[in-house]
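Shown next as structure tokens: one chain only, the form predicted on its own.
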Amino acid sequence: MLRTTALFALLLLLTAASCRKDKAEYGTLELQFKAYYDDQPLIMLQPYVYNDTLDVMFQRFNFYISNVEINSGQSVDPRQLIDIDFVDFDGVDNVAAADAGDLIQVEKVPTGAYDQLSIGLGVPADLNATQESDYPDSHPLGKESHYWTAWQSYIFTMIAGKVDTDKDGVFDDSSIGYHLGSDPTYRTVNLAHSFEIQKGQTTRITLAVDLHQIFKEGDGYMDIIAIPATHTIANLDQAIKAMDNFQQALHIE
């Protein structure tokens, strides 16, 4: 009889727990990423002024995000929403596409008020210790184009473009190949932002990044003629500098 009573009590507890679980409420969070160049939407193959002597046009701009968390001042434990994902502006070829940006949707986010968003820029060390052959092609880390065998690292941020040094309107004077990666370049951005997730509703946060600011150096910009690429370990300091800038260039719009 005691065993039967104990079993019945256990069933009641499990039923109650199940009911509480069923009553949990969720909404959807959308992270909309937009790219700019100064105050202009970033469009691939469109010319932009780099400095007084150079014009640039970009062919690629993409990057990994990771360990995306939201938090509330009432909670000491952040809630992780995304372990790894990929933001890609390579196909942005008009203003409408630039305005739409790249949208990442996270479903089943618990309802409530939040006041902080945290985003990792790059691939954290535990995942960076893996390689693209460990994943299917459909996985964000399954991109052969973004695994850097020589550095045993993913390319966290890929920027490619062409440079016009003589202002003749022809971008054939130099190329940019800033492939930023390796564990020392991983950065985290913590953004204070109040937002609410409501049951069955979609909340959108728009994040903007200014590509020109990634090349910031002192009162001007990096010398992309002297250092047009970051393809060897000798360019690690330049990669770190660019990722430091990226950390400052990403903000909530």
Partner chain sequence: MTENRILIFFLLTGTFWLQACADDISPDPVGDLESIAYDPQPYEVPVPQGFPPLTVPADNPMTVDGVQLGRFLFYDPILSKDSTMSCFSCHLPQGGFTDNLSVSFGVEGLPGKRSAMSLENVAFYNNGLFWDGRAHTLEEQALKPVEDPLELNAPWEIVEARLRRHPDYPAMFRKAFGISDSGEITRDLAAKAIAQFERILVSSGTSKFDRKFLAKEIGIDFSEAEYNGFDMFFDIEGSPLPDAQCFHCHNTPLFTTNEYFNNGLQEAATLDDFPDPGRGAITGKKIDNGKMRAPSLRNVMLTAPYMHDGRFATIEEVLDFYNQGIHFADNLDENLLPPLGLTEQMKSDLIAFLKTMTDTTFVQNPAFSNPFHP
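Residue numbers count along the first chain shown, from 1. Here the structure is a predicted model, which means the values were calculated and not measured.
Below, we turn to the form predicted together with the partner chain, even though it does not appear here.
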Worksheet item: in the predicted bound form, which of the listed residues (176, 119, 87, 180) lies with a heavy atom within 4.5 Å of the partner chain?
Response: 176
Item to complete: Check each of 60, 187, 34, 216 and return the one that places a heavy atom within 4.5 angstroms of the partner chain in the predicted bound form.
Response: 60
Item to complete: Name the stretch, out of 38 to 46, 218 to 226, 63 to 71, 198 to 206, where some heavy atom lies within 4.5 Å of the partner chain in the predicted bound form.
Response: 38 to 46
Worksheet item: Taking heavy atoms and a 4.5 Å cut-off, does residue 172 contact the partner chain in the predicted bound form?
Response: yes
Practice prompt. Answer with yes or no whether residue 111 is in contact with the partner chain in the predicted bound form, where contact means some heavy atom within 4.5 Å.
Written response: no
Practice prompt. Please check if residue 150 has a heavy atom lying within 4.5 Å of any heavy atom of the partner chain in the predicted bound form.
Written response: yes
Worksheet item: Is residue 83 a contact residue for the partner chain in the predicted bound form, using a 4.5 Å heavy atom cut-off?
Response: no
Worksheet item: Check 145, 162 and 231: does every one of them have a heavy atom within 4.5 Å of the partner chain in the predicted bound form?
Response: yes
Worksheet item: Are there residues in 121 to 136 with a heavy atom within 4.5 Å of the partner chain in the predicted bound form, and which are they, in order?
Response: 132, 133, 134, 135, 136
